[in-house]
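The chain below stands alone and is given in structure tokens; this is the form predicted alone.
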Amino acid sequence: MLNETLSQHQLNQWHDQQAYNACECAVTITERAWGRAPAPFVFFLTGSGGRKEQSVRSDQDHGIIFWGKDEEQAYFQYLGEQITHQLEKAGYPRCEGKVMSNHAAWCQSYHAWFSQIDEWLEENSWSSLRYLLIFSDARALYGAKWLLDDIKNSLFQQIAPGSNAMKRLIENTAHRQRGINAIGQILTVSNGEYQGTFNFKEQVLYPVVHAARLWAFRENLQPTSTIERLGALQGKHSNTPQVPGWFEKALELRLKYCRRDKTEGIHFINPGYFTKSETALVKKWMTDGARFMRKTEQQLLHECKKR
């Protein structure tokens, strides 16, 4: 059972343990039905799980890479379904976008994954670039970590500074919600189920998440968490703010006020719950995050124009 007093770091360790337990159980079930795995494999988390930024409740985002022949995919897709089922039993809803290892697109051989990355890069559509961004946050949790490392290294090397791929990734993350109106008030939902609340994840966290990910591509940084990415950037660029400390505090504040009864709407928070000092902090984080994202876009797009 989840301990309500866990810190953000402890909470994500707890989520990791739930996913690891699901893998172990799924491997046992799969071996009983199909025998031992025909090849080494790695199970990875992506999304907020890959970045170690999960809240109290979270849906599933994961995949599998196996070292073997494409015809062995059926074995690993069965394994992926067992993992997905175990996670669902543990309270993690299935991903509506089907970014899960029980789907063929997210359960592929080592060589097929290389081809998949190349295909996403060549296609250059909004959806393919979104998948690249999702995959860039992948973090190995169970199995042969080197399989994921090899493919991610190849991906990061192909997103060269100033390249068209970098330009398209910037454009893909450029659309974002305003957080504060002209008179300095936090913008909230005007009607519907979430009336009077605002999306803390979208308006506070995501500008920094997106900017840090773009810099990770730019600098070929392998850490997946936003805090680790920002830490690796300190001192390298004048545009990198002192974000790691406040970003961690922002995650803790979300944890303090997020709804805990269901996964849907977990990121919508009523700003009326904040103390006066917390409200001032949230506004500052929104301003600093938007400025960081804007400066990141300007600098990286300038590099694209120079090529």
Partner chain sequence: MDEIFLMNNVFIIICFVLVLLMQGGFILLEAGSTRMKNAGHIAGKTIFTVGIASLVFWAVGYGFIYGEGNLFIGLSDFFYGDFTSEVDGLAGSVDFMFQLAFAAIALTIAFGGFAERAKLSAYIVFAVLFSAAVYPVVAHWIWGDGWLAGLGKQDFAGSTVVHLTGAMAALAATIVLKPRIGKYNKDGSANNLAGHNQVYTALGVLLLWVGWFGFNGGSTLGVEGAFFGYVSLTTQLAAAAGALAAMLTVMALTGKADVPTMLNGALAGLVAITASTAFVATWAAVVIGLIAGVLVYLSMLFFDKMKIDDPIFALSVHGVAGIWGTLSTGFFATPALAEMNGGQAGLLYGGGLAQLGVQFTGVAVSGIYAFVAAFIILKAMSAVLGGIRVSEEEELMGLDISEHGSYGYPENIREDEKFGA
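All values derive from a computational prediction rather than experimental measurement. Positions refer to the first chain, counted from 1.
The following text describes the form predicted in complex with its partner chain, which does not appear among the structures shown.
Although the partner is absent here, residue 178 is a contact residue: one of its heavy atoms lies within 4.5 angstroms of its partner chain in the model of the complex.
Using a 4.5 Å cutoff between non-hydrogen atoms, residue 193 counts as a contact of its partner chain in the model of the complex.
Mapping the unseen interface onto this chain, residue 187 counts among the residues with a heavy atom inside 4.5 Å of its partner chain in the model of the complex.
Listed stretches are 122 to 130, 217 to 225, 145 to 153, 178 to 186; the contact stretch with its partner chain in the model of the complex is 178 to 186, by a heavy atom cutoff of 4.5 Å.
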